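Encoded as structure tokens, the following chain is the form predicted alone, with no partner shown.
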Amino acid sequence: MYLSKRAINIKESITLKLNEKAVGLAEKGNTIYNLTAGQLPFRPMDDFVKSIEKELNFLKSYQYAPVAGFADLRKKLKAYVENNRSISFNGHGVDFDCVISNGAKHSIYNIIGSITDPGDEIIVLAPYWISYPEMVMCWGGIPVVVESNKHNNFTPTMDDIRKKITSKTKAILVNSPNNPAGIHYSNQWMNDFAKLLNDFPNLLVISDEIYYELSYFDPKPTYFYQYDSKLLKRTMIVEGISKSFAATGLRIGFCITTKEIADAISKLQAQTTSSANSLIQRALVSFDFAKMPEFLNPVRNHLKINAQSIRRIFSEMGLSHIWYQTTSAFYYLVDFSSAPVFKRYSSSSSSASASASTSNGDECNDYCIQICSDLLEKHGIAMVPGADFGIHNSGRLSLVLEEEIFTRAMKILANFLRGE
């Protein structure tokens, strides 16, 4: 009786919940292959750790930073994005600024809060990160989902996006490279998306690029504003150190956008969390970003090897028809509905665990929660049900485990998918 409707209606993070359950089972002595979490089993690069250690000696490392972040770091991050994306924030008739927050998730939440009025629609492209719709609804907005599937490589078409745009549409949220699909949208898609945006001059774009550095097959990711730089004035670029620095727990994310929107984000942040971690910000000021490729190359190779293991094992086990090529980020979506084991669930007389609503309000039979529960409890494979990512009867697995352990897990998973 004391809780707000907002708090009651927020969905629990199934990713964190299953990760917690997997950890609990492992602590009891069970052999668990934890494929839920999106964090690398790598220690951050030594030079970055040394930068943190050096800043431990200074009083300012323990005191408040400016709400938007230290000015020299904000300037450095803008230059880093300009260099990596081969763009310039100059010459567009507006000023751009950077706001540093407590992770990319916090940046996105701040952005949505700064641009969304109750009833505004925010388009999200499925598969989408679990928190997107929840964050939109927290601010009174309406998430509008554009669907996709394995057959179109989890890439929504321009026609499908266009059909969802209405007079209430405030922004489109794009996540490339994508969590949970492990793909990034093609150069042609980004070029076509730029053309579509020019047909709707009032639309904003939230571009979640947190996995930009983690592509392991060419061509590397590109973005719509690289094909039409005028679109930068309507874009909020979101990045951070959680993934590319293997530093999820340090909670540093940032966004770059026009100064008008950045000022609004900063005002909102001032009344909630204030500044992000001063120690890590100061360490980033002195860190040489040019050294990142030296750290990232073995990380990318690790992800590529595990992605290739899926293809090899699925092929050997007669499951090629449920395979698709991942190219980036940490993830792969397993299509349960195309696997032989699915008949065991779809033909079951018990449908209590199979009722779920699709994004357009229709009822469908979704067994992904039951399948993922059985995989964890009976086989020690921890995955995340795909329904909360907008893809029914699927499960997300993470590619980050050590190669030998990951290969072992994929063989167990393949046997399960075959119905054995």
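Numbers for residues come from their place in the sequence shown, where the first is 1. Only a predicted model underlies this, so the values are computations on that prediction, with no experimental measurement involved.
The following text describes the form predicted in complex with a small molecule, which does not appear among the structures shown.
- Partner contact region in the predicted complex: 129 to 137, out of 129 to 137, 111 to 119, 79 to 87, 146 to 154, criterion any non-hydrogen atom within 4.5 Å of the small molecule.
- Only one of Asn179, Gln281, Thr235, Ser328 comes within 4.5 Å of the small molecule in the predicted complex through a heavy atom, and that residue is Asn179.
- Arg251 is the sole member of Arg251, Lys170, Lys164, Lys304 with a non-hydrogen atom within 4.5 Å of the small molecule in the predicted complex.
- The small molecule in the predicted complex is approached by Asn175, whose closest heavy atom lies within 4.5 angstroms of it.
- Under a 4.5 angstroms non-hydrogen atom cutoff, the small molecule in the predicted complex has Lys243 among its neighbouring residues.
- Within this chain, Arg74 is remote from the site of the small molecule in the predicted complex, having no heavy atom within 4.5 Å.
- Although the partner is absent here, Tyr211 lies within 4.5 Å of the small molecule in the predicted complex, judged by heavy atoms.
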